[in-house]
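In the structure tokens that follow, the same protein chain appears in two forms, which are kept apart as structure 1 and structure 2.
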Structure 1
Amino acid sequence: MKKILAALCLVCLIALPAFAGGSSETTVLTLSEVHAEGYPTTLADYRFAELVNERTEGRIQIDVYSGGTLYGEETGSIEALQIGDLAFARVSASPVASYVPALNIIQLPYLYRDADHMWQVLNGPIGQDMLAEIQESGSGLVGLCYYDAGARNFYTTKPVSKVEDMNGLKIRLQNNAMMVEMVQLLGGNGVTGIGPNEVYSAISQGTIDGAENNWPTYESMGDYEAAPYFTLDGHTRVPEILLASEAVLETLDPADIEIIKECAKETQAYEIEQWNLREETSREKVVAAGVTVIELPAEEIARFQERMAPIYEEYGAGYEDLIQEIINTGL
């Protein structure tokens, strides 16, 4: 595959100057995004593409494909990155953990106190080591930066106001075994293999009783119309990750790889800014549309959290000190 790619790039480099008047050489790379135009991560993807194009003086052009048009399921884009069929994908850390298991540690249920706590961890040594681990693990993926995705909450066709209400509910989850176990421990059944753009119809058709996500996805995918009960349990904070394909990066000039890495990091602050705005407007929009927001008292959230002990034991095995360090961060 690398050989084919290198060969293709060579053709590009030789052919383009001839067609473009011989003044410059442009390598065109693709970025896959499941979210729609205007969503905070999509805006950040475009900002990234713009910065890279500017700083490489047009040597690299990144074309963003939003709305899951290239890969509706993030697992598909991750596998395409691994074999060098795709250059970039903005994905959630949740499915990436199926390929780089250590990533589960930074998205354990009920781990962070708030967004500030999470950002201190992600932008500190723990988070940055995890980002490096993506490539070091030999996954064929390169972690470029983290973006915000807020807290995930359950939304269902019937109200969930205590942990027992989760009994028997079929909940759509991202492709991540730890999240499936999380829902099982709460009494429900985790369903995977449904892309985020298909959740609305799966709920409408009764294949599932609900899903879990942040305010902006709940709003933007229209899921609130099918599952109008939103329970604020905040079970996870799963960051987004901008990933690159190691195989594709290897075909580029080392100086351009550095530019790509630097531009990605610079877009983080912009995405967080857009995120904070969108979280608020999405919440307002669904509330105005009649969604029932169920706030859980701290004692009830503690009952959800208590059920997670087996996950901390199983997925946290060997990482006990790291988890403690995460919990202590910012205290």
Structure 2
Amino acid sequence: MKKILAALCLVCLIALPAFAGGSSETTVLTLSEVHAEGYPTTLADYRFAELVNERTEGRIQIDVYSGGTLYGEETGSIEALQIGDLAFARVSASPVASYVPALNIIQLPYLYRDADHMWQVLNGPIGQDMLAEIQESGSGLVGLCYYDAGARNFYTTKPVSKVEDMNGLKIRLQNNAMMVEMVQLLGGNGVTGIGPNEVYSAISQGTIDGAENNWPTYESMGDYEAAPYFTLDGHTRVPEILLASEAVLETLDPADIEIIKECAKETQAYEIEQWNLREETSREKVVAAGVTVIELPAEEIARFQERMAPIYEEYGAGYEDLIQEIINTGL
């Protein structure tokens, strides 16, 4: 049934009666989102659709399909964008790095001082050049803007207030070689193969000692009940990217393409605002439930960062100047 629904929804261009005062027809485009209704990126998707419809005077309508209705995995939506079966998708920067390797650099652990530092990088020449490179890569993708996904932090069954506290801890991770190496360098053991819906039970049963993620996931999945210590180390900040299909955009009027790009840029601030609100709500809920939030001093964060030298040498090879430029941004 899901495949049938997807097939029916993947028709990106449909002529509809015009809105009053609009043009002779409306072009309907589809946007795929794996996050649920009410999630910050989903709210931004709807804001994007609203702005585009308003500023094109009804010439373009964007239908948002959230919760993985069309594609349960972001890689699937990327493939659909490439062949023009889908117009837009909100995805993590991680899979897009396959086409623009420099995007791997902005995901290095302990790279940013804080959120403001990351946004100075992403909205400055470095981040905007990477966004432009997505289309220049010949991937068939067009990078419209970045969205926030917050910082990922460790949450565990015992306090982690210094790097030595990581020794021997079994930490659930996404299937990412760099992240596994990161935990190993901190003295722990990275565990993959555990789905997000299985983290709570894995911690409760002692299979793992904790995991890592952002505030909303920690709260919404209920993991805080099993791992009541949340350490604000902010080891990675992986942004989201709103992508467009180059093949679909080429069917549109150039003026409308510019409107689409402008509207996408405008939704970034809205998404960041929604993300910050969601983070605060999640934090308040888990703290009220008795979670201990551990804020590491700058000197301790520096000790975590020092352990990452082998990762920077391996994954940053050939990008040393870029890494230094990122580190120096805003100083």
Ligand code: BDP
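What you see is a predicted model, and the numbers here were worked out from it, not measured in a lab. What we label the rigid core is the largest C-alpha set whose atoms superpose within 1.5 Å from one form to the other. For numbering, take structure 1's sequence and count from 1.
- The form predicted in complex with ligand BDP corresponds to structure 1, not structure 2.
- Once both forms are overlaid on the rigid core, the distance between the two CA positions of residue 104 between structures 1 and 2 is under 2 angstroms.
- Once both forms are fitted on their rigid core, the CA atom of residue 156 lies 2 Å or more apart between structures 1 and 2.
- Once the rigid core is used as the reference frame, the Cα position of residue 283 differs between structures 1 and 2 by 2 Å or more.
- The Cα position of residue 314 changes by 3.1 Å between structures 1 and 2 once both are aligned on the rigid core.
- Relative to the superposed rigid core, residue 194 shifts its CA by 8.9 Å between structures 1 and 2.
- Core fit done between structures 1 and 2; CA of residue 232 shifted by 4.3 Å.
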